[in-house]
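The chain that follows stands alone, in the form predicted on its own, written as structure tokens.
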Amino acid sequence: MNKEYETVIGLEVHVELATKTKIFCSCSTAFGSAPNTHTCPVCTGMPGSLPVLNKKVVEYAIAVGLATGCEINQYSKFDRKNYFYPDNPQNYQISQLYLPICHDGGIEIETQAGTKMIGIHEIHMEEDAGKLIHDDWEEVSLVDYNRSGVPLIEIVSEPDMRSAEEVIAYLDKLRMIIQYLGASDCKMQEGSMRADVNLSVRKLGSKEFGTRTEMKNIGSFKAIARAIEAEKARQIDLLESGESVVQETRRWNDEQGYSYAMRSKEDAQDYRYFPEPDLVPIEVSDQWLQKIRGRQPELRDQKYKRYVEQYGLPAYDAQILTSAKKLADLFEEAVKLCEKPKKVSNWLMGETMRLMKEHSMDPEDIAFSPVNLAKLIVLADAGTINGTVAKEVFEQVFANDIDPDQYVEQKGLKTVNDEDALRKTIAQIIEDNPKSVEDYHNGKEKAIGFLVGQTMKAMKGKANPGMVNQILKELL
């Protein structure tokens, strides 16, 4: 890659908000329903239907603005953005151009190069479009208007990023903030977080921006990183061969690893924006703003520091546990119940992560309750069940959220601490394995491991391992 060039990247991130109903009507926003079942005259753009603003959308937008250090416009308006596309039923989109709800913020990111502030130009509210489904077999395109009117915020960054690594760090931080606020689940695979990448290249040291292209709606962090590298290389190749970069919108094909032009890039005048005549301006009172500010939760950065200071967790544990709100909530609730922070951390970072990986799950998909995790930790810590049994029980907790107390009782899994019963079993194991006994007496320490294993097998895994070791060494 040519080292004489610098990449300049800005992002437009669209986030579907976690409201139960759409931005301007009472249709459901639930994902995955049958096509065109969550629609009404408003969100399908029927003549004469009138939008009514969902108050929760404004509150979520302000909450995200406050969490990203933005100024809040206490007087803001909606505008009509006119464009013609089959999945846009009104032939316009209600958005905000002139007076967006939030502006001039920024978030700090961390990469291998250190920390850096990425500016946020604005955050505005708008409605989502429908979705086209292309049927290659029938050679037709079908339209589903379930998504039409789902509330969005668009977070427009400053062109402050210089690499794919910075872009991913910014998106990751943004996603975490929004998930902690409960404003969206930010599931890229379901389209509730989508990023448009504006990218240009320029000679190192140059202050002038190059001609930018925009790549639309890229669906995963990995695809975004690949698209950035490919577009950077494409633009440098053009400039090196004496050609110029055309300002245009491009579509990234992640499977084939290349982008292609969709249309020439529009500027604001191409959309013929004008004030939305069917909606009054939004006036956010000081009291309303204070109320939203007072509801702001503890975000990841503060939580991380608190876990290290309050619970004495290693920095690594605190980093992993706060990486998803679901994990942090589970951790805190379980600690309240059993007061064993390091043990809770170990179970979440060990067995929970292992099973999540095995089942290809996200932290948000975890279904077990902190109550049952705390109960399991208490049982294991008290020696009521041994480590092997505890893992077996946890698999049931993870899969079916069973009550560990009841499960251990019903299945007869309590640790056997009866010394006489253990002595009899161990004596029999020693008698049945003279070769291992001889090996042990000849200095082969590993031989005792085999005898412990045989004892545990005979006791169906329920013996106290410490007691087994102690009695074995004594009898040997």
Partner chain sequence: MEQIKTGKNVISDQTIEYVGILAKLELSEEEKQAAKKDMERMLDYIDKLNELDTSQTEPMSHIFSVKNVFREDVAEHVDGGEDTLANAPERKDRAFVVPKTVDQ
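Worth saying up front: this structure is predicted, and the values here are computed from it rather than measured. Positions refer to the first chain, counted from 1.
As for the form predicted in complex with its partner chain, it is not shown, yet the points below apply to it.
**Student:** Would you mind picking out the stretch of 40-48, 403-411, 63-71, 424-432 that comes within 4.5 angstroms of its partner chain in the predicted bound form, counting non-hydrogen atoms?
**Tutor:** In short, 40-48.
**Student:** Kindly indicate whether Tyr85, Arg272 and Leu279 are, all three, within 4.5 angstroms of its partner chain in the predicted bound form, using heavy atoms.
**Tutor:** Checking in the predicted bound form: Tyr85, Arg272 and Leu279 are all within 4.5 Å of its partner chain.
**Student:** Contact with its partner chain in the predicted bound form for Val371, defined as at least one heavy atom pair within 4.5 Å: yes or no?
**Tutor:** Contact check for Val371: no, nothing within 4.5 Å of its partner chain in the predicted bound form.
**Student:** With a 4.5 Å heavy atom cut-off, would you call Arg293 a contact of its partner chain in the predicted bound form?
**Tutor:** No, no contact at 4.5 Å.
**Student:** Give a yes/no on whether Arg251 approaches its partner chain to within 4.5 Å in the predicted bound form, heavy atoms considered.
**Tutor:** Yes, Arg251 is a contact residue.
**Student:** Considering only heavy atoms, tell me if Ala367 and its partner chain come within 4.5 Å of each other in the predicted bound form.
**Tutor:** It does not: once its partner chain is placed as it appears in the predicted bound form, Ala367 has no heavy atom within 4.5 Å of it.
**Student:** Ok, Leu142, Val246, Ala399, Met117: which has a heavy atom sitting within 4.5 Å of its partner chain in the predicted bound form?
**Tutor:** None of the others qualify; the residue that does is Leu142.
**Student:** Find the only residue in Lys342, His134, Lys336, Lys326 having a heavy atom within 4.5 Å of its partner chain in the predicted bound form.
**Tutor:** Exactly one listed residue reaches within 4.5 Å, namely His134.
**Student:** Using a 4.5 Å cut-off on heavy atoms, which residues of 49-78 contact its partner chain in the predicted bound form?
**Tutor:** Sequence-ordered list: Val52, Leu53, Asn54, Lys55, Lys56, Val58, Tyr75, Lys77.
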